[in-house]
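For reference, the chain that follows is the form predicted alone, supplied as structure tokens.
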């Protein structure tokens, strides 16, 4: 895949972001610590790190779903204090409305925005076609497999026309084969519609396969340990020695963090 010219405009910036939680016992837990990250327009960035390192917390702060304890995240220079229509979300749980058929799920965002019915249904049909779900437009979420529901969730996110798509372990519950198919599908959609994607995953292989850059976070409190720029073209072959070498290097970094927790 070729993306043509790359826009180097910073669309999202995290500046010294910290997040502190307090337990019922009054204990202070620092979940995220001084995270600084710039994401360029049309960039595909994956975040990996040990369990509990604050990846999802950082994504929720970026989405405007919870505040940072200090520091801030900015969209085009403006501090994010609440969810924005320019920032879309896709979670592992699919988050579909169970009482709506597929086409109305995909059209729900444009409906909330006041788009007329005929136009929003045309838009929904377009994105269902993009993700290969046109024939299931009248089905309900409970009638679909996990992979199919995730396709619908992605179609719904794109139908909202966000500038940035935040994805939190969107393929984590899928079987291995479906996960690989969904990775390829996501890259195809991303190439076509040129969105900016910030993607949290536990899978190093998935991160190396998808991303322009892989952000490795430390164990809690989560800091950025290293950012790997991936110079391999797309589609990527897992048989490429460079692919294996980078995957192994990141896995070693994560293992060091996990072992540090045990010591």
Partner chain sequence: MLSDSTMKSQVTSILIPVIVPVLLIIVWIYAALKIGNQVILPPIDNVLNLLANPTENLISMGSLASNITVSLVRVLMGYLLAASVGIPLGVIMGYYALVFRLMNTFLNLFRPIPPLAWVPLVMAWFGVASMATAFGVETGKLYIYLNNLKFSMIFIIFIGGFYPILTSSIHGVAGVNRTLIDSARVLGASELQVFRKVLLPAAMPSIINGLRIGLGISWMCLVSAEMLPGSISGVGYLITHAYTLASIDIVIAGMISIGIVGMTMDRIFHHIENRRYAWQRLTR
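Positions refer to the first chain, counted from 1. Note that the structure is a prediction, hence the values are computed from the model and not measured.
FYI, the form predicted in complex with its partner chain isn't displayed, but the following is about it.
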Query raised in the report: Within 4.5 Å of its partner chain in the predicted complex, heavy atoms considered, which of 144, 180, 137, 187?
Result: 144
Report task. Using heavy atoms only and a 4.5 Å cut-off, determine which of 128, 148, 174, 87 is in contact with its partner chain in the predicted complex. Result -> 87
Report task. Decide yes or no: are 19, 21 and 54 jointly within 4.5 Å of its partner chain in the predicted complex, with each residue judged by its heavy atoms? Result -> no
Query raised in the report: Would residue 202 count as a contact of its partner chain in the predicted complex, using a 4.5 angstroms cut-off between non-hydrogen atoms?
Result: no
Report task. Using the partner position in the predicted complex, report whether residue 75 sits within 4.5 Å of its partner chain, counting heavy atoms only. Result -> no
Requested in this report: Look up in the predicted complex whether residue 163 has a non-hydrogen atom within 4.5 angstroms of its partner chain, and give yes or no.
Outcome: no
**Report entry** residue 65 within 4.5 Å of its partner chain in the predicted complex, heavy atoms
**Finding:** yes
Query raised in the report: What residues of 98 to 123, in sequence order, lie within 4.5 Å of its partner chain in the predicted complex by heavy atom?
Result: 98, 99, 108, 109, 111, 112
